[in-house]
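Take a look at this one chain, the form predicted alone, written out in structure tokens.
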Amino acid sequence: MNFEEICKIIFLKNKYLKSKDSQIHVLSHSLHFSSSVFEGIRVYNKKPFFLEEHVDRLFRSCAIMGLNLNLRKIQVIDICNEVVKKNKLNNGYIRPIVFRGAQSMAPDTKNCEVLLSVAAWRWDAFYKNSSLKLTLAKWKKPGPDTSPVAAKSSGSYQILTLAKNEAMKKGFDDVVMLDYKNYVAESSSCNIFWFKDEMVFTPTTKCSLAGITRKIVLNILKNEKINYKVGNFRINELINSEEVFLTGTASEIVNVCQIDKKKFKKKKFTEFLKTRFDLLKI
């Protein structure tokens, strides 16, 4: 996709602009110092999905990264809804991003303007394949005392971007990331779950983002009275499971059929969760 062309109306600097007119300066601080935070929000039937939860997380990310956005949550919610309306989206994706302007070219940000942009576009499936092949990444997720892992920030995706592109060059769809203690963490942009012996397992989010879709899936498991465990797990526990799936706003819930040489034949549980998840879109 060429996002310059598919986005029609974008909110930037308190205005709704045509995509070609929504420009920022090349010396914007966040472009050079990775000091932006963002969200990805699905739109189903003209309605943003779990919008308030995403905006809450956006503001938490702002607080972690020291971005003082001069807007209230309800204003950001209204802007997101208006961008969906102006782009005439039935089903799609919203990308709010908070970033610093071009008032500093050093780590010092006290004079930097903090800006919000919101774009939206039609976006169907995130992955081309309905069942994914993953490989173990050589990169590790840093600890919470090394990186602001709780924020959905642009800097957090540097390692993830490198890892995913290396995986794709090898013929895989995505990666399994371990954290700095060699526990299973996540994929490049999704939380990871697996199923074995009537139990669902998923890592803690000490070194990865606490996903909105992850939370939705955990609530589904609670409501369905399905046993699950959140904890620290080694890669062999994932590899020796019966079924694996990823969760994320863009990807929703997607099955994993292979991790390196290990193949998983089952996807029945993934399909069950997808049917429960789809009921929430209505």
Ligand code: PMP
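Heads up: residue numbers just count along the shown sequence, starting at 1. Please read these numbers as outputs of a predicted model, since none were measured by experiment.
The next section is about a form of this same protein that is not shown, the form predicted in complex with this ligand.
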**Prompt:** Is Trp139 a contact residue for this ligand in the model of the complex, using a 4.5 Å heavy atom cut-off?
**Reply:** no
**Message:** Just checking whether Thr247 would be counted as a contact of this ligand in the model of the complex - the rule being heavy atoms within 4.5 angstroms.
**Reply:** yes
**Prompt:** Would Val176 sit within 4.5 Å of this ligand in the model of the complex, counting heavy atoms only?
**Reply:** no
**Prompt:** Is Cys112 a contact residue for this ligand in the model of the complex, using a 4.5 Å heavy atom cut-off?
**Reply:** no
**Among the candidates Ile212, Ile97, Val76, Leu132, the residue which, in the model of the complex, approaches this ligand to within 4.5 Å (heavy atoms)** = Ile212
**Request:** May I ask you to choose, among Ser189, Ser117, Ser154, Ser104, the residue with a heavy atom within 4.5 Å of this ligand in the model of the complex?
**Result:** Ser189
**Message:** Taking 4.5 angstroms as the heavy atom distance cut-off, pick the stretch from 29-37, 53-61, 221-229, 234-242 that is near this ligand in the model of the complex.
**Reply:** 53-61
